[in-house]
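Listed next as structure tokens is one chain, alone, in the form predicted on its own.
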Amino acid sequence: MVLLKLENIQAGYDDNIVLDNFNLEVQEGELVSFLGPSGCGKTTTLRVIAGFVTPDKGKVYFSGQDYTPLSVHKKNFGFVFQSYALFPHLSVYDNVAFGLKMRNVNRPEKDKRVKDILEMVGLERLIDRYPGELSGGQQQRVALARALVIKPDLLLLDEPLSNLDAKLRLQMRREIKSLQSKLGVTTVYVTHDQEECFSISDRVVIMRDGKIEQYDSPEKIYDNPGTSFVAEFVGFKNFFDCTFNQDNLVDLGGVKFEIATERIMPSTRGEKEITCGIRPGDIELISKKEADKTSKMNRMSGEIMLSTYLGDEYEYVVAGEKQEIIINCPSDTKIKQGEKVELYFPPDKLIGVK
């Protein structure tokens, strides 16, 4: 069932229009993340949903009702800010209980709900501490508990892990996903971190310049990006301007590539000029002996121009026949600068996009 619907939203700040004719549907119980570069409209969309920003045009529907004119305090939405926004003069208990107090929940019920949610986030022993006495991860848990204790109809999170170190981010994203699944709360999550986004989301909104480039499951976006922008965002670093010769065959200045049918995106239908892309780790090195025995289809010769050691692999910049190519190889495959190489582009690893 569609729980949240944004219909023809136009919103911005002063004369700067950030979202224009923006449409989105979120199903009940799912976790949907917004991913994209800074300034693409992720946080503005979240603030429109929350009610902090009133759209100039369009409607926000929740559970079939028009929520557009409702102020923030009239919506039973939980919000976790990037800065956590804890009250420094209030204890953990009082920070978490704040929303319940504003809703006039009686003391026994308030005590029980605060205790239950603090146990769920592992902070029951810190109930009397103040934010200044907590680590960043503990503060983040308090902010999350405060948003969840009101039993929100919708949970909104704006880059909640950006202030944490890498190890703690990994731990907290697991906890957020676990809590969201356990409570079944519909969640909208904003992040700039692709790995974080893909690891916790049921569906992902890739945004660019206030518009949706692709809205799908993490697996489909990663394996079948719909545009060259999305492809670059999910790890494709090599792109070639190609011409369709016939079905599934493209020509890169005389070098012929075959692409698996399922890897040619629907957006390219009817197009003669398309972009082919491939990830650095999907390009294969083939030996001179193997090259002599195989077809020249999907192959290109090149010379190693630069190598960068990345720990478990090397990244090589190769001067190809038509352009520079980036390839990744296991660290036990050491190739010297200036060495000639033969590259193979598997048809099922190439994509064709606009």
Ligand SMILES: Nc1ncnc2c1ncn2[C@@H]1O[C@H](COP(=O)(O)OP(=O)(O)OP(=O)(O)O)[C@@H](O)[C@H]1O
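Quick note: we count residues from 1 along the sequence shown, nothing fancier. As the structure is a computational prediction, the values presented were derived from the model and not from experiment.
Omitted from view is the form predicted together with the named molecule, to which the following refers.
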* Listed residue that, although the named molecule is not shown, lies within 4.5 Å of it in the model of the complex (heavy atoms), from Glu196, Asp202, Glu213, Glu159 -> Glu159
* Structure fact -> Given 296-304, 325-333, 36-44, 66-74, the stretch touching the named molecule in the model of the complex at heavy atoms within 4.5 Å is 36-44
* Looking in the model of the complex, any heavy atom of His192 within 4.5 Å of the named molecule? -> yes
* Asked: Is there a heavy atom of Gln337 no more than 4.5 Å from a heavy atom of the named molecule in the model of the complex?
  -> no
* Should Val341 be classed as touching the named molecule in the model of the complex when contacts are defined as heavy atoms within 4.5 Å? -> no
* Proximity of Leu24 to the named molecule in the model of the complex, heavy atoms at 4.5 Å -> no
